[in-house]
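One chain follows as structure tokens, the form predicted on its own.
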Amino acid sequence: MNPILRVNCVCKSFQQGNQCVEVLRDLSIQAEKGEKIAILGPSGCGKSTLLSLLAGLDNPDTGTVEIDGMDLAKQSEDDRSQIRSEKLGIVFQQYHLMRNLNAVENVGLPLEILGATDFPDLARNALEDVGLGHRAAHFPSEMSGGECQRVAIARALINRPPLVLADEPSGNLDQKTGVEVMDLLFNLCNEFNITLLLVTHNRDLAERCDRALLLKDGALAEFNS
């Protein structure tokens, strides 16, 4: 069985004035179905760049990124968008909810984009999964940070993607709420056998994962706490 995620010898650099800055260098990682992997590293080490490559929002200079056996760089933009809709869930630190949509509409958006007609019912079920069935008609401005992040998790998991990318998902929350939200995310990924790639500064969260990796000098290595 192919791994859900396979990154092989990826390099990525950016031009800053006359200088070429190498952010990722010969980076490789593989994630199996249902595996939970934490990626740690200091600010500016390339974690956001890596997530952009994994989501197919950018292409590596060299090397390959494969989601469920598909090389993202070889896909058209439409195909990459389709892969993101079907194969990926993304949870951001800043929630990235649409302010003009209520909770049901935000959660159902990925399915609506795919053309599903039953997305409101599925979105309500997803909100029930995160304990927010009673907030279905509320807008982001009417909800707390923890509730917004629960909505974001429901949106990321609504179509049961094989892979979820989470970028500091508890970073904007107080400790108690952060623990509750992360418990929810881990439990749902376990329930649906979803692979989780978690970018975090929190070592306690990293220890809950099957593996913890440190991104340093453009490459990944085993993290020893």
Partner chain sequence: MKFIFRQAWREIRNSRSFCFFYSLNLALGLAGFVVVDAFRESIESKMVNESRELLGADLALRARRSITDEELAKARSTLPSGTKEAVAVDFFSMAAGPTGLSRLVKVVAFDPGFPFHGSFKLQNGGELRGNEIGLLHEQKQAWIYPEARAQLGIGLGDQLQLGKTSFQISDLIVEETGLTFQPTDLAPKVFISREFLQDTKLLGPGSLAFYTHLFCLPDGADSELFGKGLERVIQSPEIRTYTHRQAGHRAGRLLRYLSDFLSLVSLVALFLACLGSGFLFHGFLNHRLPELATLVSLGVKRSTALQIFVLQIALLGFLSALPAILACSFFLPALSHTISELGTTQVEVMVSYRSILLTFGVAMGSGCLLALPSLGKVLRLRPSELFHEAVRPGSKPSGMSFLHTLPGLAAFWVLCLTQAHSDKLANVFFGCFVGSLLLLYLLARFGFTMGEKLLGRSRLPIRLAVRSLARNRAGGLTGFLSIGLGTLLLTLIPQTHHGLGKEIGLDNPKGDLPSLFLFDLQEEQLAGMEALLQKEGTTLGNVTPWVRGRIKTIKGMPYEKPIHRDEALNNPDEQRRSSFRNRSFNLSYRDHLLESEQILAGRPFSGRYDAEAGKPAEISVEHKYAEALGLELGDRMGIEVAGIPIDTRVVNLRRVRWTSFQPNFFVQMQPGVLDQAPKTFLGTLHHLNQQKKEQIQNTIVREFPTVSILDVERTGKKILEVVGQMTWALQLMATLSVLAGLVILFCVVREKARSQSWEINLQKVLGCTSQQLRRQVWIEFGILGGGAAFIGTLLSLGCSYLLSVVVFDRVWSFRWDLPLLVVLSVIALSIITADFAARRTLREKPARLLRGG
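Numbering follows the first chain given and starts at 1. Quick caveat: nothing in here was measured; it's all calculated off a predicted structure.
Absent from the display: the form predicted in complex with its partner chain. The rest refers to it.
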* Asked: Does E112 reach its partner chain in the model of the complex, with heavy atoms at most 4.5 Å apart?
  -> yes
* To do: Answer with yes or no whether M70 is in contact with its partner chain in the model of the complex, where contact means some heavy atom within 4.5 Å.
  => no
* **Heavy atom of V179 within 4.5 Å of its partner chain in the model of the complex** => no
* Using the partner position in the model of the complex, report whether E35 sits within 4.5 Å of its partner chain, counting heavy atoms only. => no
* **4.5 Å heavy atom contact with its partner chain in the model of the complex for all of L51, I90 and R99** => yes
* Asked: Which of these residues, S144, N125, S81, Q75, gets a heavy atom within 4.5 Å of its partner chain in the model of the complex?
  -> S81
* Give, in sequence order, every residue of 160-191 that has a heavy atom within 4.5 Å of its partner chain in the model of the complex, or say none if there are no such residues. => D167
